[in-house]
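First comes one chain, alone, set out as structure tokens in the form predicted on its own.
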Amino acid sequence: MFNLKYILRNFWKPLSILLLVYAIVAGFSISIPDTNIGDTLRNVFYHVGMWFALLALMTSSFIHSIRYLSKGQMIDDSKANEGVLVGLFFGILGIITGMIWATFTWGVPWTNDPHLNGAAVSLLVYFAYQVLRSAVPDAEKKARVAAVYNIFAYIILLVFVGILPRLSTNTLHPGSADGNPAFGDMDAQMRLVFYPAILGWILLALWILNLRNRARKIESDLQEKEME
């Protein structure tokens, strides 16, 4: 039966698939500017989207940590944790796609670059968040400690990924002030693929997060019924 309310509430899910299919097909078929990094520039449609997705997920986690400290509801702690878990998944994908890109453009998968080092440090900080959670047995204490840590982890993420690399002039990373063309010289045709791709990756990440949150809610409800 046709349910307009359901469609309006969930339209962003198939939209994410459509945007990513468009990004994949168009990303490999459109012509790109003649630059010093060649066809590898096409990776900008995928690699960058992973990091935007990570930022969206960690922002969601950050918000839920603040909400937990404000209201003390365990559901917010669960959502904060799931945001970090899914965010780490996209972060690892971002690192992998970045290393592949670096291999073809720089000749090595990793170099002493502030963008790369900042990304690695940020992921390690969030891995430590998971270690911290596993080290505290009491659920409420774990939630409080994790929430405080998560707030500082988010600030570290913004500093090491969003601020410090842009202050450095000693970087080969695309989009930097030295004139590397991945962003500054991206033509209009590339932008018609780039921005939908970014939105598609973010929506897909939020969809995965939504599914995991629903799964945790079902597990929690089943556990409560078993205890009754």
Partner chain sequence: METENKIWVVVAVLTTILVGIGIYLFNLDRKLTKMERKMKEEKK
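The structure presented is a predicted model; accordingly, all values stated were derived computationally and were not measured. Numbering follows the first chain given and starts at 1.
This next part talks about the form predicted together with its partner chain, which is not shown.
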item: Partner proximity in the model of the complex: Leu8 to its partner chain, non-hydrogen atom cutoff 4.5 Å; value: no
item: Partner contact for Ser29 in the model of the complex: its partner chain, 4.5 angstroms, heavy atom; value: yes
item: Its partner chain contact in the model of the complex: Ile17, any heavy atom under 4.5 Å; value: yes
item: Residue contact check: Glu226 to its partner chain in the model of the complex, 4.5 Å heavy atom; value: no
item: Any residue of 195 to 222 that, in the model of the complex, places a heavy atom within 4.5 Å of its partner chain; value: Leu204, Trp207, Ile208, Asn210, Leu211, Arg214, Ala215, Ile218, Asp221, Leu222
